[in-house]
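Just the one chain here, the form predicted alone, laid out as structure tokens.
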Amino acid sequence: MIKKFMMPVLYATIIFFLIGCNNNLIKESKSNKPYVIMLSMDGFRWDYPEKTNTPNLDHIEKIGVRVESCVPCFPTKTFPNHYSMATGLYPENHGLIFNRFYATDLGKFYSISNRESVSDSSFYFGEPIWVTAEKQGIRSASYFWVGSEALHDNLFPTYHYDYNGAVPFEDRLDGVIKWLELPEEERPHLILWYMQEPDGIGHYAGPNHPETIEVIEYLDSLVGVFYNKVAELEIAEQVNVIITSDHGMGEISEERTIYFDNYINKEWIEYLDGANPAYSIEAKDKFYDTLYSTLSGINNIHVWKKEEVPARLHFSKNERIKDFVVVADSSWSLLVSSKKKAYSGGTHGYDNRNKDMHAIFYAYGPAFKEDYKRQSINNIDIYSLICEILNLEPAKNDGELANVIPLLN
């Protein structure tokens, strides 16, 4: 009788033990999920660390990976490239062809300074990384990343803010740390955040100016603060950090300036997208040939018919790209109106073969190799890289995981 009574108790004890072990394994598995934090410092050129004192980036280079440069997509502008990093798509495929453009398929204008258009999902194609994560059960967060203010497949990042350039960089940094200190069930495992420097000072003063160097050193100090705060987290050993940028910066001079209105008549033009030094121009039908021949005769610029844009630029297969794609030669400015005063300083948007347009890429954490250097990578490969680290099934994209897999352990 005693044996018969004890057998069910024994079975129950074993089952309870196994369930307890299983729950612990589930908790351990969940708590060991990796994190990816990606910071973009706008306009941080690939060689800025060689121009100034950046001890914190130098330290990350030793404990993680650094590539020679991160190659942006053409046009080498801010919004197209941030969204390319988020989706792994070329601008011709994700729809943000410039910072400002007329979308002929929608019959409306997009501008980075217009809140309504920035939050309008109809302008955006592709699947950004935060949507890929959310669909697959991983919480995400965005502190001012391009595209995160618009719904994609009825999804936002779990945590996100509308862009406000007045928010101090230190507050953004602290906000990211607070997300990482949330309880596990609320904590995002993917965070993208953004600073608009050194782009601003690079435009104003130029990439080689002492003021630009000073801002770079300040940003490096923030990288150091962030590194130390991440190191103090309970989850520090699970956190992977990527530090990159959307593009570089080229030196320009008011003496090297071309004005459209010195050559072409505005009556020939239907739409003109873009800004110095890259544009896309739609001709009025009867002036198509006139506009093309005139543009072709201007020195220090390149002009292509839409269908003849070099394949390496991946900038022709979208209705939003107009009849002609025009870009100034490196270090030249191309302005619409001679009423606008020529200026010196810096700009970007040139052909992405121009090394000055290339950006930085550093990374460290358990997923990455240590003290590893590699030649240039393409920024469209970052999407696949993050998917690999977080064990996500990627959406359709233009990147190649094989290009960045050597960075990983």
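What you see is a predicted model; the values in this text were computed from it and never measured. One-based numbering along the sequence shown.
Not on display, but discussed next: the form predicted together with a small molecule.
S.K.: Can you check whether residue 115 is within 4.5 Å of the small molecule in the predicted bound form, heavy atom basis?
M.R.: Because a heavy atom of residue 115 falls inside 4.5 Å of the small molecule in the predicted bound form, the answer is yes.
S.K.: Could you tell me if residue 77 has a non-hydrogen atom within 4.5 Å of the small molecule in the predicted bound form?
M.R.: Yes.
S.K.: State yes or no: in the predicted bound form, is some non-hydrogen atom of residue 179 no more than 4.5 angstroms from a non-hydrogen atom of the small molecule?
M.R.: Residue-level check for residue 179: no, no contact with the small molecule.
S.K.: State yes or no: in the predicted bound form, is some non-hydrogen atom of residue 279 no more than 4.5 angstroms from a non-hydrogen atom of the small molecule?
M.R.: Contact check for residue 279: no, nothing within 4.5 Å of the small molecule in the predicted bound form.
S.K.: Any chance 99, 194 and 199 all have a heavy atom within 4.5 Å of the small molecule in the predicted bound form?
M.R.: Spot residues vs the small molecule: full contact, yes.
S.K.: Between the options 152, 187, 209, 203, which residue brings a heavy atom to within 4.5 Å of the small molecule in the predicted bound form?
M.R.: So the residue touching the small molecule in the predicted bound form, by this definition, is 203.
S.K.: Please pick, from 356, 61, 42, 351, the one residue with any non-hydrogen atom lying within 4.5 angstroms of the small molecule in the predicted bound form.
M.R.: Contact check passes for 42.
S.K.: Pick from 209-217, 228-236, 321-329, 78-86: which stretch has non-hydrogen atoms within 4.5 Å of the small molecule in the predicted bound form?
M.R.: Result of the contact check: 78-86.
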